[in-house]
Structure formats: structure tokens, C-alpha cells
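Below you will find one chain, with nothing else, as C-alpha cells; this is the form predicted alone, and questions on how it binds or moves follow later.
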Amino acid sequence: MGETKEDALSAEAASTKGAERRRVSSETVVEELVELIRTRVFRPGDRLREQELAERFGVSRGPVREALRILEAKALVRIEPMRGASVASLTDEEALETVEISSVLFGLGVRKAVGKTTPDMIAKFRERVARLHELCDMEFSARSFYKETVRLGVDIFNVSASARFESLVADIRLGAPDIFGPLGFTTLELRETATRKWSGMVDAIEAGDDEEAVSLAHQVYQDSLKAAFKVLG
């Protein structure tokens, strides 16, 4: 008995569902791997073995292989013949370029935030600034100060960023080591200057002055980078 139209449609639907499951599986693996790289469970240079990842995520090697290719296109993973995949490790020049790109994207995020903040959001920003004041005390590490600036930046950025914009920024930040950040806050003067500029940025956002807010957004990046270069010689 020949195949009916209903049989053909059923087979097509099953095939479509199977492809959808495979697509979702690979996307899930991408999300999981990005989080593991972001939290430094996997560090630059670490090998990413397909079988181990498949067992970790409970999928076949196919979705893992596809996920690694996606992350390679995002420059988060490198795949080499005979060696397989590993977490990308950037050169100093690539890391510097990433910081510069991050500065531009953050400025855009700040501009988009102007006019969209609520009093509660501004209050949260000011709490972060107050914490920066506390971290100016040199008993705290430069990394602690740097991490708090990242938290404040993320709070501001999240006010109006779309999912696509957030994904783009996440890709850029994940692609670079955070070596430059802490080196920008090794002295009391550097920390106090940064705190004043972050505070001014919050003031400008609240006042609706997007030009001033964006200018300060770029300045905090550039100041930190210049200070890091002095440390590195």
C-alpha cells in the first residue's frame, strides 16, 4: 500500500520537529558554554573536548560540535586541525581592541539609558557609586574596585539594552581577559577620579544630558586603559 498524503505530512512534521530539537540543543549548549567561560570555569587556552561536553550536557556530540562552531564564529573558541577546540586566548593587541570596542558599545548603552531610568534605578546607581567611594580605601584590592565599576556599568547598560545588544556586548567582553581593568585602579588618585566620573555620569543620566553621560562613559574607559599602560610599561 502506497504512502498517503497524511503519512507524508506526518513524516515531514517529524523531520521538522527533529531538526528543531537539534537546533534547540545546540543553542542550549552555546548558552551553557558561554556561562562557563564567563565564570572562568573554562579559561583561555583550556581544551573543549566534544565527548566530555556531550556527557556534561546530556546530548550527543552533534549539538556540541555545532555549538563549538557557533562560538568559533563569535571568536570565543578556536578550532585547530588535529588539536580540536579550546577557549580563545587573545593577544595583547586583540585584548586592547576589545577594550576599545567595549568603550564604544558602553557609550551607546549609556545614551540609550538616558530618559529611561526610574528613581529606583537612579537610587541603585548611587548605591554603587557610594560603594566605589568606600573602595577608594587602598586596603581594598584594585580588582575589587574594578569589579564594582563593572557592576555599575551593567546596571546602567541593562536599563534599555535589547537582547541582541546584550548578546553582542557579552561576546565582546568574554573575548578579552580582564587584565587591563584592575590595572587602571592601582592608586588612590585613579580611584577617586574614576568615582567622580561615574558619579557625574549618573548625574547626567538623571538630568537627561546624554552628551555629558556618553562623554564620561568613554572617559572612564580611556582613563583606566591609560593607567593600565603605565603599569605595563
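Just so we're clear, the structure is a prediction, and the values are computed from it rather than from any experiment. Each residue number is its position in the shown sequence, starting from 1.
Just so it is clear, the following notes concern the form predicted in complex with the DNA, a form of the same protein that is not shown.
Visitor: Answer with yes or no whether S167 is in contact with the DNA in the predicted bound form, where contact means some heavy atom within 4.5 Å.
Guide: Contact check for S167: no, nothing within 4.5 Å of the DNA in the predicted bound form.
Visitor: Examine P119 and determine whether its closest non-hydrogen atom to the DNA in the predicted bound form is within 4.5 angstroms.
Guide: Looking in the predicted bound form, residue contacts with the DNA do not include P119, since no heavy atom lies within 4.5 Å.
Visitor: So in the predicted bound form, does E50 come within 4.5 Å of the DNA, heavy atom to heavy atom?
Guide: Yes, E50 sits close enough to the DNA in the predicted bound form that at least one of its heavy atoms falls within 4.5 Å.
Visitor: Can you tell me if G84 lies within 4.5 angstroms of the DNA in the predicted bound form, counting non-hydrogen atoms only?
Guide: Yes.
Visitor: Heavy atoms within 4.5 Å of the DNA in the predicted bound form: which of the stretches 37 to 45, 185 to 193, 56 to 64, 199 to 207 has them?
Guide: One stretch meets the cut-off, namely 56 to 64.
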